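Coming up is one lone chain in structure tokens, specifically the form predicted on its own.
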């Protein structure tokens, strides 16, 4: 196993996984973090499962070349399609994000919850298992959101087009009584202000990123891989897209200027 000082790899189909990376950084301030945005292949949501699995395996192989000690799959679609294969193939701790059906079902007062996600996530066996296991006793409404990932990838977080998309996707869920909305894609937390505005007061919005960070910390501590030093950890970024364009959007989402390298 790598030493505790080794880095953690985090990846997503694009820039959305930065919403998970920021929670990992908050929970693990001394860890070194490597982030891959597969923006050249984004969005994953409507891609064939075989393509998504191939991309996930390639990114994990890249991380292993960097001598990482753990990997976070910060993409619900990649989790849905590839996590079982990745865990069977690679002997490294893998923590993956998935739609927070369980906490949503537990806290809903109306007994109706809504899931915003990509079509590939909602069509996956992984989501079907989540729904069957944790959705008993509540009505689970699903809403695919084509176009939202692309808006975040462009950095269009507040414009009229993005607001109209969000309102349109939420409307049928709210009309059927959903009082809890699950963000089933890591891009969507960057749209949280307009999602909350469209959902209105009394509707809870759940982002599972903090739970992923807590689980990563637990896995590191149980494996004696936790870096607990006082020196702040570093971040390094790669993308398969156009580095200049991706860097501009990532800096906006991350909150400071960063250098983005081209993924080999």
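Source: prediction; values computed, not measured. Residue numbers count along the first chain shown, from 1.
One more form of this protein, predicted in complex with a small molecule, exists but is not displayed; see below.
By the heavy atom within 4.5 Å rule, which residue out of 100, 149, 166, 122 makes contact with the small molecule in the model of the complex? The residue from 100, 149, 166, 122 that makes the contact is 149.
Exactly one residue in 181, 185, 72, 82 has a non-hydrogen atom within 4.5 Å of the small molecule in the model of the complex; which is it? By the 4.5 Å heavy-atom cutoff, the listed residue in contact is 185.
Contact test in the model of the complex: residue 45 vs the small molecule, heavy atoms, 4.5 Å: Contact with the small molecule, yes.
Residues in which of 102-110, 158-166, 128-136, 186-194 have heavy atoms within 4.5 Å of the small molecule in the model of the complex? That would be 186-194.
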